[in-house]
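Take a look at this one chain, the form predicted alone, written out in structure tokens.
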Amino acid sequence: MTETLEDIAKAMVAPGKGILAADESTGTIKKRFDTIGLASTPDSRRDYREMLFQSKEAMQEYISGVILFDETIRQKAADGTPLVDIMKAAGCIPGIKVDTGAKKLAGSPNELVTEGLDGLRERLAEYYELGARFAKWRAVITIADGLPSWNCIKANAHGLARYAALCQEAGIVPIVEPEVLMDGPNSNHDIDRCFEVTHWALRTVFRELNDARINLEGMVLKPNMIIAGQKCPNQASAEEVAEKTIKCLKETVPAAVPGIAFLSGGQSAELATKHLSLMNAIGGLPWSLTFSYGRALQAPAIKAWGGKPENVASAQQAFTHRAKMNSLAAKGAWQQSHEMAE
């Protein structure tokens, strides 16, 4: 069966399903393991991710695809089965993080630009052979006094477009992720400032995608929600977050894009779910709205697991619960009472 970019992108944002971001770098997953007193080794990282991927209900019913790290796409489960095959057996699409990280932007050391274009065509060809059918590239935009600069917005939008073009050339769906940080070093901006910067960033990204001749029906957008900075004393209500996020997206994202899979960006697991559900309850949207969460899907599971084999079942239950809650949110059907009912 021929897999078109459009078909893969649609499957990634299928009704009631979302994407598990399990692409933490070795450094990031070490920080998460530190919270449970577990050494980060190739085996412990494999055991943790295998535990998630073996959560049958979550993977079959609520997760459409998984973003993997380079190490993980090559790893085998404890019984020798490639982790990619476990995902495929559950009906999930394997994906891969392909950027090499955000580095200081020359001329503006308080801002970041994402690197990784060198050799990307060859890496994408290898990842395709390893089973990846979508990829992810994250650009980071910081709000502070006088920031972001036009140089930062432009450089990151251009990098995202070049990455997306190389992905589509390789038969891989690009997740385009321009993240305006809610938890940056000076995260005291209000929701209106987040709206303004996100609007600017998304307009610029889609201009660059157009210039790069990206097939918009064969991509997925992964933006931040419109939310006040973490240190802002005036936090907006969940309803205002939903309304302003929808307004921003309607003004910047072409209807041809099949789906928008939000990042959680430092929100609590439950709040990220609530915001997503309220947005979907608004209705009348040209694209699917779903989730592409890392910490907001995994935090309860990693806490329940604690690195101990005897806790695998309870950790899988915690992961499945969060996946189910976000599945409900992707349909606009989540209620606070669902959290207590499980």
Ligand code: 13P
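So that there is no doubt, residue numbering starts at 1 and follows the sequence shown. Here the structure is a predicted model, which is why all the values come from computation and not from measurement.
The same protein has a further form, the form predicted in complex with ligand 13P, not shown here; the description that follows concerns it.
Contact with ligand 13P in the model of the complex, defined as any heavy atom within 4.5 Å, is confined among 159 to 167, 70 to 78, 259 to 267, 213 to 221 to 259 to 267. Of the listed positions (K244, R138, R123, H189), a single one reaches within 4.5 angstroms of ligand 13P by any non-hydrogen atom in the model of the complex, namely R138. Ligand 13P in the model of the complex is approached by Y293, whose closest heavy atom lies within 4.5 angstroms of it.
Interface membership of A21, defined by any non-hydrogen atom within 4.5 Å of ligand 13P in the model of the complex, is confirmed.
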